[in-house]
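Presented as structure tokens, the chain that follows is alone, the form predicted on its own.
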Amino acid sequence: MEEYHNGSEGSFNSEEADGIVKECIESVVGADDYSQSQVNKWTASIVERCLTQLVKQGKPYKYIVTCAVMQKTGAGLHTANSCYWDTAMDGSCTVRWENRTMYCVVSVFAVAIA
């Protein structure tokens, strides 16, 4: 598992967000094997759970959560994000999770409510 963090996150706590995201992925996918028929349900559940848990923190942010699930087949997967925002308050984190049969990449973007 790898985490990537925005370099100047100000008051956004990326470590806390990482923990929330990992918990959500584990609770939805767990040790399941990749199943094409389940991917839409998994991705929807992961983003909804992440949003729910982030909002429960009661912090003054708007959140954007993305999720990609890919079967491990040896193919490459490359992702990138770019944001134009207030680096003192806003922040992001991306969590790469994997098990024996799949990869899951979740990005969280937190935009401070002014």
Partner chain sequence: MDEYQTEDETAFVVEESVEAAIGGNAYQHSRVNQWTTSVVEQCLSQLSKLGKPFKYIVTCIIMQKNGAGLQTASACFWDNTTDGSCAVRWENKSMYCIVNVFGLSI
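Residue numbers count along the first chain shown, from 1. These numbers were taken from a predicted model, which means no experiment stands behind them.
Heads up, the form predicted together with the partner chain isn't pictured, but that's what we're talking about next.
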{"item": "Val29, heavy atom within 4.5 angstroms of the partner chain in the predicted complex", "value": "no"}
{"item": "Contact flag, Ser37 vs the partner chain in the predicted complex, heavy atom cut 4.5 Å", "value": "no"}
{"item": "Residue contact check: Asp90 to the partner chain in the predicted complex, 4.5 Å heavy atom", "value": "yes"}
{"item": "Contact label in the predicted complex: Thr66 to the partner chain, heavy atom within 4.5 Å", "value": "yes"}
{"item": "Residues within 4.5 Å of the partner chain in the predicted complex, restricted to 68 to 102 and counted by heavy atom", "value": "Ala68, Val69, Met70, Gln71, Thr73, Gly74, Ala75, Gly76, Leu77, His78, Thr79, Ala80, Asn81, Ser82, Cys83, Tyr84, Trp85, Asp86, Asp90"}
